[in-house]
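Let's start with one chain on its own, the form predicted on its own, as structure tokens.
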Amino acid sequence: MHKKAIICGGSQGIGKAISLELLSKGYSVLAISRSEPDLKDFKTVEGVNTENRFRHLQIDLNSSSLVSSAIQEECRLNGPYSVLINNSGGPLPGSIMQATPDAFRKAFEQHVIANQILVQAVVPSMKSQCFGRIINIISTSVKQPLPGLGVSNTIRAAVANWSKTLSRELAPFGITVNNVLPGATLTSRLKQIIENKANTEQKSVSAIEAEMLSEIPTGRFAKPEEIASVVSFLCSEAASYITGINLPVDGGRTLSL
């Protein structure tokens, strides 16, 4: 098996944590993101020089034509890849009634269309290896819609159903497709959500944080590294019989089974 992974949004937040986790497991990583990463963060992982195993492709997942041409060329020159992590920043928070049609179109392009393009590029080489891992980082909102995230709730559910459909088509080829559903995680995205809610409800940031923490049985927000550890397991041989699932990593917050 070629231990090579493509990680979308791999230069910051949860995506960065996944990049570092897979580098520590011996993978070569291609991180895709809109912004340039701080390369020094990826040079040494757990005392091991990983600089020659980390590369970056700067591209906006909102541009389907650019994503298509770039990823096809990447797979031709540097494939095959055995792991694809679909991870992209969520749509702006806000009520669904205030969301514009363009907000839905942009989110659909960035999440569903980009995911489809990436999958179509990497799956042929996964089939040739009889091994593949496709993991989508989405949201617990696919099990329980979250207040104030109208567009996100809608698009995340679309990704979840796309993924379930895909998992059944690819299972005979040794390719698993799963969704990881992070709860409230210490990233810039969480900060944005908290600040937006504070402004909307005219409350302090600390008050909103306290309200959110009161809903989490473990009493704390997740660290990005905790999400990355779950992803690492799903990438492994040990997870070969797990496919088509939505796995919450949320400290017990989600009320549904």
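Note that the structure is a prediction, hence the values are computed from the model and not measured. Note that residue numbering follows the sequence shown and begins at 1.
Beyond the structure shown, there is the form predicted together with a small molecule, which is absent from this document and is the topic of what follows.
Hey, with the small molecule in the model of the complex, do A5, G132 and S163 all fall inside the 4.5 Å heavy atom range?
None of them does, since no heavy atom lies within 4.5 Å of the partner.
Which of these residues, S167, S82, Q110, N153, gets a heavy atom within 4.5 Å of the small molecule in the model of the complex?
Looking at the other structure, the residue within range turns out to be Q110.
Which one of K223, R53, K203, R34 is close to the small molecule in the model of the complex, taking close to mean a heavy atom within 4.5 Å?
Spelling it out, the residue with a heavy atom inside the cut-off is R34.
Verify the contact flag for T243: yes if a non-hydrogen atom of it lies within 4.5 Å of a non-hydrogen atom of the small molecule in the model of the complex, no if not.
No, T243 is distant from the partner.
Please determine whether V123 contacts the small molecule in the model of the complex, using a 4.5 Å cut-off between heavy atoms.
Judged by the heavy-atom cut-off of 4.5 Å, V123 is well away from the small molecule in the model of the complex.
Can you tell me whether A198 touches the small molecule? I mean in the model of the complex, with a 4.5 angstroms heavy atom cut-off.
No, A198 stays farther than 4.5 Å from the small molecule in the model of the complex.
Would you please decide whether L213 lies within 4.5 angstroms of the small molecule in the model of the complex, comparing each non-hydrogen atom pair?
L213: no, not in contact with the small molecule in the model of the complex.
Within 4.5 Å, heavy atoms only, one stretch in 68 to 76, 123 to 131, 85 to 93, 170 to 178 touches the small molecule in the model of the complex. Which?
That would be stretch 85 to 93.
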